[in-house]
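Before any questions on binding or motion, here is one chain by itself as structure tokens, the form predicted alone.
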């Protein structure tokens, strides 16, 4: 990790909230949220209030743990991601989004990445009948609209933070789609740069940072290998062992902003994928009954709001992009 993103820690809540830096960041975040919300509503999406607890949640990965609660004698989970509920929501509307809180007990080693929080928020988006490419276009629209709005309206805040608006020129001047590179090509690029890792797994945080530093504009990594993601990412019928998914990587070393995918919606395939990933189908009774009765095909994604704010505001650590930061392993109010 570069010295640009050296580890740091928040002060007390009063110190943090009274800081002119915090206030500028939160004003920028407010504009990001409003820009995304307005764009989605203009495109015909319906905003729903997200669930916060449930009998199951996204099984997640990379060592993050779920939080259990006692729900009237039943063991429920705090949402690590509302992805299963997004699929369910398409029974009501074809295009939905949440501004959703998430809780993940990330591994202690993530405390100093500058990119991880134990409590964070996402724009969660899901689109019935959509492809991987359809979802990626919406994701690009949101990021572009958010950056454009901040550059247009938040000049004084960017100046306080020392963030040069010209850093966004490659993004805002782009006339077509963001660049797309396959997971396979990303792995080969990292090998050429001297960074070895498991080709069948997620790109590790160091490798992601290397790729991010090479670019001056956001770009997509697509088509991760089957074993690297959850049971809900759809396998490509024409390319076994490849998933129709994507991540959006911010430039300048800021790393991943968005993860998304086409979704598995066939009951038999979901059961098979659950077993392949070590999940017990019995835990997902309500979800599997719904799938058996029929749900739409879909594609969707989640945008980390604090991570997007960090990139736009040019922050060294993601905790600076929230009013009440929860850093992994650090006990705080």
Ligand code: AMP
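Worth saying up front: this structure is predicted, and the values here are computed from it rather than measured. Positions refer to the first chain, counted from 1.
Here the subject shifts to the form predicted in complex with ligand AMP, a form of this protein not shown in this document.
Exactly one listed residue, out of 244, 104, 86, 183, brings a non-hydrogen atom to within 4.5 Å of ligand AMP in the predicted bound form: 104. Scanning 203, 138, 117, 222 against ligand AMP in the predicted bound form with a 4.5 Å heavy atom cut-off leaves one residue, 117. Relative to ligand AMP in the predicted bound form, residues 27, 31 and 157 are all farther than 4.5 Å at every heavy atom. The chain is drawn here without ligand AMP; in the predicted bound form, the stretch among 108-116, 126-134, 166-174, 192-200 whose residues come within 4.5 Å of it by any heavy atom is 108-116.
Using a 4.5 Å cutoff between non-hydrogen atoms, residue 302 counts as a contact of ligand AMP in the predicted bound form.
For the chain shown alone, residue 261 is not a contact residue for ligand AMP in the predicted bound form, no non-hydrogen atom being within 4.5 angstroms. For the chain shown alone, residue 62 is a contact residue for ligand AMP in the predicted bound form, at least one non-hydrogen atom being within 4.5 angstroms. None of the heavy atoms of residue 94 is located within 4.5 Å of ligand AMP in the predicted bound form.
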